[in-house]
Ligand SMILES: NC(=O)c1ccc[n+]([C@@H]2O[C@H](COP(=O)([O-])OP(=O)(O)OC[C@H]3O[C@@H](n4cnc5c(N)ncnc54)[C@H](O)[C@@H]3O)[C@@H](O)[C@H]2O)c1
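Next up: just one chain, as structure tokens, the form predicted on its own.
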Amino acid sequence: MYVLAAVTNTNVKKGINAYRKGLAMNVKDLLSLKDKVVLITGGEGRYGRCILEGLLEADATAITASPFVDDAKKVAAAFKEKGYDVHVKYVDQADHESVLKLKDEIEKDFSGLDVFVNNAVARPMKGYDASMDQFAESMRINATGMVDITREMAELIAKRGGGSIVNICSMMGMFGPDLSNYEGTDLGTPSPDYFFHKGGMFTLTRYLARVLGDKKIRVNSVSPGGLLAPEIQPERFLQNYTKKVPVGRMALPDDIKGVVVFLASQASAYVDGENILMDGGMHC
């Protein structure tokens, strides 16, 4: 039995009363993003396109922002043919003025923002021995630029009355590289910048959950394992990798969609500052 006398928040009281009267939201409504404006960065990328599709299938008004506008427009055109409400915007998240321009355009064109899926990542470093110039470029985009765009989009969400930020991290931000995955291939040693960046994003998620809580913004993250891409992944790598995964395979496009929609929607209203490891049980 809930004790209403101890609850001071009006919305919480309404929610408790609705639950008592059998008026709680249907789970399909909880997962719906209808009438929500959602921004995803890098929605034309490998994981980005999967996530964008899920957001649209949940009835979001979705904006994909990227410096690669032509590629983004091709992806958006395919979704528009299916009747989805998708829009393309330019942004270079390493350029503060570009971020501010995107922010202004979203406010002007959509009257605000409800959800930000922080997905874009650049990978200029090509191995452990790559130049420090490449590392610096990675940090310019993936660290400084990522924090910049997150702060600006959080401000838009706060003006809307609150919402959700979903950071797309990686299992590589949680664990060191399993070098045995690369045995028998010519893939080399993974680059350190990606591990550094995704680990920082993982920690930033918990920081932002605390800092943005009073603005009614929830911040969570997803840490996916590897996405199947046999066109670029050698057969030996696939064998090495999948034998360590209890579900017996790498991630497929549909695997990440539901997780991100859950964290973006009211279905996760009481989930904040959390990370969902989506690796098929590889690290269980």
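The structure presented is a predicted model; accordingly, all values stated were derived computationally and were not measured. In case it trips you up, residue 1 is the first one in the sequence shown, and so on.
Only in words, not in the display: the form predicted together with the ligand, which the text now covers.
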Interface segment, criterion being heavy atoms within 4.5 Å of the ligand in the predicted complex, picked from 52 to 60, 66 to 74, 30 to 38, 213 to 221: 66 to 74
Let me know the one among 101, 151, 123, 82 whose heavy atoms come within 4.5 Å of the ligand in the predicted complex, would you? 123
Heavy atom within 4.5 Å of the ligand in the predicted complex - residue from 158, 209, 141, 88: 141
Please check if residue 227 has a heavy atom lying within 4.5 Å of any heavy atom of the ligand in the predicted complex. yes
Would you please decide whether residue 105 lies within 4.5 angstroms of the ligand in the predicted complex, comparing each non-hydrogen atom pair? no
Against the ligand in the predicted complex, would residue 46 count as a contact residue? Criterion: heavy atoms within 4.5 Å. yes
In the predicted complex, residue 92 touching the ligand (heavy atom, 4.5 Å): yes
Please state whether every one of the three residues 42, 194 and 198 places a non-hydrogen atom within 4.5 angstroms of the ligand in the predicted complex. yes
Need the contact residues for 177 to 192: heavy atom within 4.5 Å of the ligand in the predicted complex, sequence order, or none if there are none. none
